[in-house]
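The form predicted alone is given below as one chain in structure tokens.
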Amino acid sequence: MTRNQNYERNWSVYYKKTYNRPPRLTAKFALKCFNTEYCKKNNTKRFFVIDLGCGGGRDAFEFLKNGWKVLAIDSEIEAIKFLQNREDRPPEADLTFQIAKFKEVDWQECDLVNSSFALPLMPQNDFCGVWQNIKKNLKTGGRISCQLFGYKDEWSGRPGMTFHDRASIFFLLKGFQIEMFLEEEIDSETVLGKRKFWHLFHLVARKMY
């Protein structure tokens, strides 16, 4: 996860509450897409995912369990320490770390960029630069799996965050084949028990060129 002055959390509690939850729908769907695609080709390729805003590792560890190489990135040193100390780390897991804000990431070419509920938590200018880096470093045939926040979201208008409508998302995904596009509006609790109205876009898309 990333942090800004308008989006504070008790990170220790957050990681403990979420680390052993199932992986996000978008991460599971992207994993399924790769498995289906390469099983058909009888390919034993080992894939590489960059998990932006890895948090407690609920997505990262699912990829590790499936034999992926994982680069887990978070701006919170507490998140990285939490991952390093997890006792359920798969044997021989290929897991590396970066402590960095998204705009400062040391990028590598990868098969998948996964970012669950983290990309909206930065200013618009930073978001644009990060999105370009994602597109640049994804291999052709690689994927992005993520959530973006819509303008109806309760947090819409807060400084230091980024929100989208459908048209702007389709523009972002130019050059991608959209494999999942789910728009959700729901009133529910945050992990820490606060009521919130969410406007979300759940995305998985494959880079065509």
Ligand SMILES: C[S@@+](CC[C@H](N)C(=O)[O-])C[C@H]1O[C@@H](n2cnc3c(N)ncnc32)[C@H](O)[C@@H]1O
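Please read these numbers as outputs of a predicted model, since none were measured by experiment. Numbers follow the displayed sequence, beginning with 1.
What follows is about the form predicted together with the ligand, which we do not show.
The closest non-hydrogen atom of residue 101 lies within 4.5 Å of the ligand in the model of the complex. The ligand in the model of the complex is approached by residue 58, whose closest heavy atom lies within 4.5 angstroms of it.
Put simply, residue 122 is close to the ligand in the model of the complex: some heavy atom of it is within 4.5 Å. Interface membership of residue 118, defined by any non-hydrogen atom within 4.5 Å of the ligand in the model of the complex, is confirmed.
The putative spot formed by 127, 164 and 177 is not touched by the ligand in the model of the complex; no residue has a non-hydrogen atom within 4.5 angstroms of it. Residues with any non-hydrogen atom within 4.5 angstroms of the ligand in the model of the complex fall in just one of 178 to 186, 165 to 173, 30 to 38, 46 to 54: 46 to 54.
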